[in-house]
Ligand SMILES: Cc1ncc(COP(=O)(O)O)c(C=O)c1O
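Given next, in structure tokens, is a single chain: the form predicted on its own.
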Amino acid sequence: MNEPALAARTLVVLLGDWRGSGTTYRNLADRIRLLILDGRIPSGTRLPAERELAERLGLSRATISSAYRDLRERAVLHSVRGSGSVARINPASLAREPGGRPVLLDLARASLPAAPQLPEAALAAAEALPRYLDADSDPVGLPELRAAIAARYSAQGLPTRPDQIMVTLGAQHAIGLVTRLFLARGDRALIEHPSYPYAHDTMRALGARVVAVPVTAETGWDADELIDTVERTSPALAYLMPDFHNPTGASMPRDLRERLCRVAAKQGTVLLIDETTADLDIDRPGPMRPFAVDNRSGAEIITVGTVGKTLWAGIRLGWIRAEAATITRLVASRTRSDLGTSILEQLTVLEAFKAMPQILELRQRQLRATRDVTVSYLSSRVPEWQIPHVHGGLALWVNLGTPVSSRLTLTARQHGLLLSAGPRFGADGAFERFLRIPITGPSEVTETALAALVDSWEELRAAPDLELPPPGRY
């Protein structure tokens, strides 16, 4: 068996408070199913043996066996005698929930629709392609695209040369390249909490000792705690999203950026700055300012960017900005896993950059419309929720007032609505009080999805085993 195995003690932590008013085996199956659908138990992971899990949970083996059977019937678990039970998602079987209701609305993903300028850019790229047919794969990227990315940084106040840019297969790929280069087993790695799940999962997979610093939608980072944590733990790498943080929407003030650069330089901490959401401005006070502009202390800063949030998620192209020597090391490391980024996609992005001011203006209008609709709708229908105001980014990090995010997510599926529960963005079951609600869809579609969300909340409110805040109170 080559599948990664999930220890029973780890699954118990992920399960959190899973018991409800229904049958025990079905409550357990529902929570495991959510963990699989949410990605907290990756597809292909072998679940604990029935006897081991029964001992950890203090349940009978028959109860665990019934829960696993329920998961197999609902197409998220595959069991082979003698080989155990493995999480397997069958998309065709998941197209309809039990009872036959189709899943139609998606608030789990925070992705904008493709920019209308994309087809024209792709056609222009196809016309230019014959000039590149003699080119071999290049792990650093086309010189023209690297120059264009460097020029964007320079125009934003951060002088950048093309040799400081490496083109990647998206931001996720870039984050993986950097973490694998700078982290070894046992190293400390700092990350925000909540944060982008992939970054946390990658650090843990490398064997790093993860140190978390809190971020909230209301106050952002606790400056003294962040600085003290870096000074006290001296992490080898710190992963931060300082502009329209995902999922809270917070943005880091300039004075904290300067302090962080000073302490990182002193402690020898590499700052991995994720700016994938930095261009998603709605009504930010002041212009876009790359984090590295505030580095006056010589800290090593590696910046990640992408067009996946602005142009289209279907274009898998991002980049890394770093010192030229670091780019050289990243290129050498990359060639062990892949040989470069699609030339046609690079040419498409190069063409799309010509229309980027218009694209960003469109994104601003789209995000503002959906943000305002979402805030207005939820404030009037569920005033007991705490709904933050964001100046940009992908989503709202809504405080439900009570730890039921996972149960609400499961209930919503019965109403044809996909959600990502709050713990998807945390560790060890944290953030059950929170729900990420994207503001990236068309406002009219979003309102339909929000109606399903409110219906799901009202259904959950009626559950006899829950004591939810009364309507109108937080």
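Because the structure is predicted, anything quoted here is derived from the model rather than measured. In this text, residue numbers run from 1 along the sequence as written.
Keep in mind that the form predicted together with the ligand is missing from the display, and what follows is about it.
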For this session: Report the residue, out of 282, 299, 149, 175, that has at least one non-hydrogen atom within 4.5 angstroms of the ligand in the predicted bound form.
Result: 175
Seminar exercise, completed: Only hit among 171, 226, 352, 87 for heavy atom within 4.5 Å of the ligand in the predicted bound form is 171
Exercise. Is there any non-hydrogen atom of residue 241 lying within 4.5 Å of the ligand in the predicted bound form?
Worked result: yes
For this session: Please run the contact check for residue 182 against the ligand in the predicted bound form: heavy atoms, 4.5 angstroms, yes or no?
Result: no
Exercise. Would residue 188 count as a contact of the ligand in the predicted bound form, using a 4.5 angstroms cut-off between non-hydrogen atoms?
Worked result: no
Exercise. Is residue 394 close to the ligand in the predicted bound form, meaning a heavy atom pair under 4.5 Å apart or at it?
Worked result: yes
Exercise. Hey, with the ligand in the predicted bound form, do 196, 246 and 276 all fall inside the 4.5 Å heavy atom range?
Worked result: yes
Exercise. Exactly one stretch in 152-160, 331-339, 354-362, 268-276 has heavy atoms within 4.5 Å of the ligand in the predicted bound form; which is it?
Worked result: 268-276
